[in-house]
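The form predicted alone is given below as one chain in structure tokens.
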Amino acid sequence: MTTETLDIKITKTNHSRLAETDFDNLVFGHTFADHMFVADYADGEWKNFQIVPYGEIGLSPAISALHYGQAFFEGLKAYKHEDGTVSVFRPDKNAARFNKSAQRLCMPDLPEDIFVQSIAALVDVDRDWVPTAENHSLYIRPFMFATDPYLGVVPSKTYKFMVLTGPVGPYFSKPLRVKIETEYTRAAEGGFGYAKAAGNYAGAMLPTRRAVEQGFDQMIWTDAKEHLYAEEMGAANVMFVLDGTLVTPSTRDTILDGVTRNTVLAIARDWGMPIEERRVSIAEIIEGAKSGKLTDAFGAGTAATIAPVGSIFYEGEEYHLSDPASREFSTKLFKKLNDIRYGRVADEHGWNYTV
């Protein structure tokens, strides 16, 4: 990462929507702050760094992102501390994963300093949009897409990098009723399930909608070959406490290397908790639910944060887990995460990037 300061042209809005926004009734992903960041890639370099008023952008209907799917994104959050400080949580990790996605989709790397400085500059301009309420934050959505205006199944030579932000509250408001999915597949070995590619989410929409129609909140995706092993949820990595050990599927080309997942594992190691990152069979999850060895289960993700699983449905039977309020590990974990991100305890790992 370089230390050179980006030359960002800032054009502020003439009419802020801040006063018109109801921060007590935020629907996740529906409210956006006043400005957005935009940059272009052409002739082998990133240029034209701008912060402009949030709004529509003009694009050719022939751009390759629309026809051949060269598009991906990231998600991270900014938090406001009690003293008014604003910090972004672990942007360096998102920057690294951003480039993993770019490389898999045959798109250009974005230097970490551009990624971090663009986000910091945008959050600084719209810092009044960062909520102050508990469990609220400013969601940050960096994304890249191909912009060559012609049809051809080849990598684009031009791209656009943008960042949007918006205030959000909790993503889930209750313990999750989850279904273990054994028919549809999210990602296959050799594919790009580990990338935050737009196409991954498009392909998941139909089975997710069907699961919601059946009364479920999320699915636990299983491996494409046998449907015998847990992989991840649609909105988060999945984690279990089995017989006192924190167990989570090991990352591979079918599983997203989640920043929150990484953070949870780091905190668990600080606490001396036994950890296993490995293939996790559906059989052992169900056996643990039956025997009581499965004492905790939750999703871990930027949007979801720590989302407790209330029940697991598999092969026609639903297994109800313990009351999330009584779970020692995830309750303690959720508090620790919030205390770090809101600046209430020492940031021993240096995770908070102050704006």
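Fair warning: this is a prediction, and the values are worked out from it, not measured in the lab. Residue numbers here begin at 1 and follow the sequence given.
Absent from the display: the form predicted together with a small molecule. The rest refers to it.
Trainee: Three residues, R97, E232 and V259; all within 4.5 Å of the small molecule in the predicted bound form via heavy atoms?
Mentor: Contact check passed for all of R97, E232 and V259.
Trainee: Though only this chain appears here, would A236 touch the small molecule in the predicted bound form if you measure heavy atom gaps against 4.5 Å?
Mentor: Flag for A236 set to yes.
Trainee: Hey, in the predicted bound form, is A307 touching the small molecule, heavy atoms inside 4.5 Å?
Mentor: Contact check for A307: no, nothing within 4.5 Å of the small molecule in the predicted bound form.
Trainee: Is there any non-hydrogen atom of T302 lying within 4.5 Å of the small molecule in the predicted bound form?
Mentor: Taking the distances in the predicted bound form, the answer for T302 is yes, it comes within 4.5 Å of the small molecule.
Trainee: Using a 4.5 Å heavy atom cut-off, state whether W271 contacts the small molecule in the predicted bound form.
Mentor: No, no contact at 4.5 Å.
Trainee: Residues in which of 206-214, 116-124, 272-280, 251-259 have heavy atoms within 4.5 Å of the small molecule in the predicted bound form?
Mentor: Looking at the other structure, the answer is 251-259.
Trainee: Which residue among K160, H136, K196, K179 has a heavy atom within 4.5 angstroms of the small molecule in the predicted bound form?
Mentor: Going through each option in turn, the one that passes is K196.
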